[in-house]
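Okay, so here's just one chain, in structure tokens, the form predicted on its own.
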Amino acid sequence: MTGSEQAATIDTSVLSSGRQRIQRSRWSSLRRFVRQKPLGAVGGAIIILLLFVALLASVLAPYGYDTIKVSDRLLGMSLSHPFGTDEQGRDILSRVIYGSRVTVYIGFGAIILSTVIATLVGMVSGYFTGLFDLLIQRVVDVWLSFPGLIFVIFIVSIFSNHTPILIITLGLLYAAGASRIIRSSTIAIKESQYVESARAIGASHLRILTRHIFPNVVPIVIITASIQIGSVILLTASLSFLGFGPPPPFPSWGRMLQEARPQMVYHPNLAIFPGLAIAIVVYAFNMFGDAIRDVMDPRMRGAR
């Protein structure tokens, strides 16, 4: 074997061992997370299940979400309809499964938009202090002064209650509070010695923001987004219950609760299952968000 072949073999073995160490480290971190934060791990598993159900709703649902069969209206739980049927004969299980798509689309879409806006506003405002920061924060104050539910209903009433409008409205609504948190972290980070050193050697503002400040606010961004998404889902369900959610016939859990009101005394299954879906998903995101905060926030690592 030549020297070059030996060197190639050594490089391959080094890369292979490095990958194995990384994989072992990831599995070790996951096991430690499950052991230290069992409720957060359960929440994460429910979130993964929600994504799986939303992605494969057309495969998992036994019936179409708008399949009407009047002869099967208001049936109780059975093998053919595990959750029963509504007053139009539609299968409740299928509608709950398809309703998960609305939760995923609006919840994750709004949080992604909110996170992008909050990160940009918070970092720029916290880095460029003075009059610029003062003006930005007064705008944020006005932003925060709007009552959340009233603000969304007002916007939806003017435009429409289609999913893109809801995503944009909720994203704008939740960006204000998140920007304040990111701004506070940016102000603390920009006083660090490595930022001062980068500024001393002539690094541009853009380079300092992207290479030195942004990587250090990423944990705060993740924590904020993971905590906020449960609130977004709950507000989405509230809007649907009030009739301002995604338009029918596509189902949403809040609208299912609203439609169940006339019959829920004699047919409680109409409200129980969409209500349970909302409660379980919001609980999962809250528990997972709290666990992520405890793991990633250095101030919380020794709290529990």
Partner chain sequence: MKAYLLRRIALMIPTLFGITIVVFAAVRFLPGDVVDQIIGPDVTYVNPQTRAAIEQQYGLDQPIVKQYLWWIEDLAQGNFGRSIISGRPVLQDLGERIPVTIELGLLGLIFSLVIALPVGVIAAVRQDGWADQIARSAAILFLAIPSFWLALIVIIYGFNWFGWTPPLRYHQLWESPSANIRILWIPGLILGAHTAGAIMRLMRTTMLEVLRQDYIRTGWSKGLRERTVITRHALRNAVIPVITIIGLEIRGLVGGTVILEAIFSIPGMGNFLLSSIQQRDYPVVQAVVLLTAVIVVISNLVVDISYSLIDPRIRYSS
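Numbering follows the first chain given and starts at 1. Everything quoted here is computed from the prediction, not taken from an experiment.
The next section is about a form of this same protein that is not shown, the form predicted together with its partner chain.
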Work out which of the listed stretches, 115-123, 134-142, 182-190, 201-209, brings a heavy atom within 4.5 angstroms of its partner chain in the model of the complex. 134-142
In this chain shown alone, the residue from Leu173, Val96, Ile220, Ile213 with a heavy atom within 4.5 Å of its partner chain in the model of the complex is Leu173
Should the three residues Leu30, Leu50 and Val104 be counted as contacting its partner chain in the model of the complex, with contact defined as a heavy atom within 4.5 Å for each? no
Since only the chain is shown here, I'm wondering whether Ile153 would be in contact with its partner chain in the model of the complex (any heavy atom pair within 4.5 Å). yes
Does the 4.5 Å heavy atom contact test between Gly130 and its partner chain in the model of the complex come out positive? no
Though only this chain appears here, would Ile165 touch its partner chain in the model of the complex if you measure heavy atom gaps against 4.5 Å? no
Consider Ile46 of the chain shown here, and say whether it contacts its partner chain in the model of the complex, taking contact as heavy atoms within 4.5 Å. no
Could you list the residues in 113-135 that come within 4.5 Å of its partner chain in the model of the complex, counting only heavy atoms and keeping sequence order? none
